[in-house]
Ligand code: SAH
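Take a look at this one chain, the form predicted on its own, written out in structure tokens.
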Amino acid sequence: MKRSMVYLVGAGPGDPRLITIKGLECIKKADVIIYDYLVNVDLLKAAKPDAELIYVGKQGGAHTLEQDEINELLVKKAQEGIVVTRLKGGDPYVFGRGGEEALVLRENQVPFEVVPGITAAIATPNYAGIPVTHRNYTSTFGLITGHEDPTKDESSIDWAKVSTGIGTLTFYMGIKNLPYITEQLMKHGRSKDTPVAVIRWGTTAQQKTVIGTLDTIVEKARHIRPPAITIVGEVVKLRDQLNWFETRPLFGKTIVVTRSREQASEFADQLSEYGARVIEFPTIEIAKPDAIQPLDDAINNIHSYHWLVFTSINGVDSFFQRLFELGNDIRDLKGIKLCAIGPATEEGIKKYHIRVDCRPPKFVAESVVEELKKVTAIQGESFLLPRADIARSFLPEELRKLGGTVTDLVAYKTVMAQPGDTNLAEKIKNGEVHIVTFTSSSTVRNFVQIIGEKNIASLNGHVRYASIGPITTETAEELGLPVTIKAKEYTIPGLVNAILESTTSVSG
């Protein structure tokens, strides 16, 4: 019988990369994950495919489950002899009711472990450029709830001592009670000129910071909605010098990535590093070809080819996956030369520990032909091109004109993905999206099909389109999408650089 275990895990303040290594391990091995509203759902991508995901979030007055019901659920699931990960925002024991859940588990003799998380009181001001302690300002730091248990007869906060006895005060979830909090602090001796920061959705790309004083913050933060944290103290003055997160070049920009799910993360990560909020909206999926036999025949006769030409990373992965599925390995490629379009394709080949013999300086088919002319005769040579079902015909046609024998076959096909965000068009019209990116012609065509051709014109003027290369740009403009951001180098880093340059020029 499997041993029951409940992990009470702190998921951190919002940025999914701030979870601990152990916390991530607990997500990966869980049979059931019970998670809260403030948990970044990107963390759930690390869960096992068959893991049961149960949302028990509390947002404002709306509770999916009451706390007693959550406690019962934890015990019930654990008694099934499985691993349960209870995923909580911040740290489980800092206003997370983790202590209550742990006591219930102990009462029911359910084994548990607590995995600490980075609490919002430290991380959120950090991301807003505010250190909670500083030797020139304060050496004391307090964590206080912004909304106490409403069933209490009287406040358990000793406002007289808290107001002047602690240098930096951090109030959790106190937006609704902000007038009361500021009133109590000033009433009990804190200067009305004390700096205050209110930070919403801290450590995420949606972070918003409002600065004021005890006397002015209520009015200045009137449009801020939960979740937010309030920092009171002289350390708030350091924000002007230490604000590193909100000054990143793409902060405040929402960018849509239309690549396939398998490839989106690399691009999304690069954009996130510069501060962008990324919406993954995959428009394509990579699938095996309808007929696999031509690829199998080519692999089984691989020694008859002089050149193996890859025009995309998908072609590389599809070819090698099938090579291995047929029981072969890279030794079968001995003596065959390899050509790759673009550095990403070359890196894809290198991960199989194979050197590329030819990589054109420009990442288009026309450049491949010119480069191959420099390194081989072409006439009398045989070329294998494992490509997509919708690849351009230029390359095989030109190689044949020069006397080459070409086997141009489908190694994979691109199919339209199921739309993830059905409200994307409305978000664009409402100004919530700033840039939509395209990394291939198929991402463009499928984007138009998903959004609807009749709706495309209504989006123009509300959003900018970014393209990885001239072929993609041509497809976009043919379909009514004016491309204003064009990569100079036809790679993901090149596209990121083009977005950075365009944003700088617009803001400048």
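Note that residue numbering begins at 1 and tracks the sequence as displayed. Being a predicted model, the structure only gives us computed values, none of them experimental.
Below, we turn to the form predicted together with the ligand, even though it does not appear here.
Contact residue in the model of the complex, from Pro195, Pro227, Gly348, Gly404 (heavy atom within 4.5 Å of the ligand): Exactly one residue meets the criterion: Pro227.
Among Ala221, Ile199, Leu250, Leu385, which has at least one heavy atom within 4.5 Å of the ligand in the model of the complex? Residue within 4.5 Å of the partner: Ile199.
Should the three residues Leu38, Gly89 and Gly96 be counted as contacting the ligand in the model of the complex, with contact defined as a heavy atom within 4.5 Å for each? Answer is yes for this spot.
Looking at 426 to 434, 325 to 333, 261 to 269, 112 to 120, which one sits within 4.5 Å of the ligand in the model of the complex if you count heavy atoms only? The contacting stretch here is 112 to 120.
Tell me, yes or no, whether Met173 is in contact with the ligand in the model of the complex, where a contact means a heavy atom of each within 4.5 Å. Met173: contacts the ligand in the model of the complex.
Using 4.5 Å between non-hydrogen atoms, is Thr283 touching the ligand in the model of the complex? So Thr283 does not count as contacting the ligand.
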